[in-house]
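First, one chain by itself: the form predicted on its own, in structure tokens.
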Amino acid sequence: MAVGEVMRMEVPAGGDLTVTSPELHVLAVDDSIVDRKVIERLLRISSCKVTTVESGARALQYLGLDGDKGVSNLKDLKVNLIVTDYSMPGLTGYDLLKKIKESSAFREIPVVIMSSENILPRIEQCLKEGAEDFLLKPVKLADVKRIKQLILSNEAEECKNLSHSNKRKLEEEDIDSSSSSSHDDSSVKDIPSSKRIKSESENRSSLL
């Protein structure tokens, strides 16, 4: 997965992957303090960890995509979802979306766009650029829960695929090991015993 970790993953010796403690860390971006408070409240009600910033530029700084180190240690930064307003001064939500999708470190993080304007070409443009969804304001609790469930489902599927991949890898290693062992045993069986060599030597001597 990319930088965000929705779930802590543990892979025991047997290869089965255990998923525990699901939690989303959401970066919410909006220039309106009222809308920021609303989306933050809805996300916290949905048991999400929330970081809010007031502009697209501040979001890039937080993610370390502004050319500087930003306010976060990128090694420890885990963001699972970015929710941003579309219409913001300076860097718009659409511009922020493009910046994130151009980043090799963050392109896999789902981005949801919010807007109070139901403009179909704008919605289609955002979805084409890789937005996970487009929400109309005022955002409702049902919208947040639906998005959260979608992200968790996607992460669970990725975890499941990873578990199956680990199992297949272990099985292939076992097959290779078994095949190598059988080949070695066969080679040993093909080597005549010293007793048989001695007997053949005596037979040749008696014929002479």
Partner chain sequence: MNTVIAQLQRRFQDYIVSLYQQGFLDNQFSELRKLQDASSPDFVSEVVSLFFDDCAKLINNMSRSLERPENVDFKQVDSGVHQLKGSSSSVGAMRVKNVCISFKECCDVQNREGCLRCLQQVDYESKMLKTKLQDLFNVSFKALQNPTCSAARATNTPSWRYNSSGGYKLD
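These numbers were taken from a predicted model, which means no experiment stands behind them. Numbering follows the first chain given and starts at 1.
Below, we refer to the form predicted in complex with its partner chain, which is not included among the displayed structures.
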property	result
Residue among 150, 141, 170, 156 with a heavy atom within 4.5 Å of its partner chain in the predicted bound form	141
In the predicted bound form, the one of 37, 49, 146, 160 near its partner chain [non-hydrogen atom within 4.5 angstroms]	37
Touches its partner chain in the predicted bound form: residue 57 (any heavy atom, 4.5 Å)	no
Close approach of residue 102 to its partner chain in the predicted bound form, 4.5 Å, heavy atom	no
Proximity of residue 117 to its partner chain in the predicted bound form, heavy atoms at 4.5 Å	yes
Non-hydrogen atom contact residue 65 with its partner chain in the predicted bound form at 4.5 angstroms	no
Three-residue site 25, 125 and 127 fully in contact with its partner chain in the predicted bound form at 4.5 Å by heavy atom	no
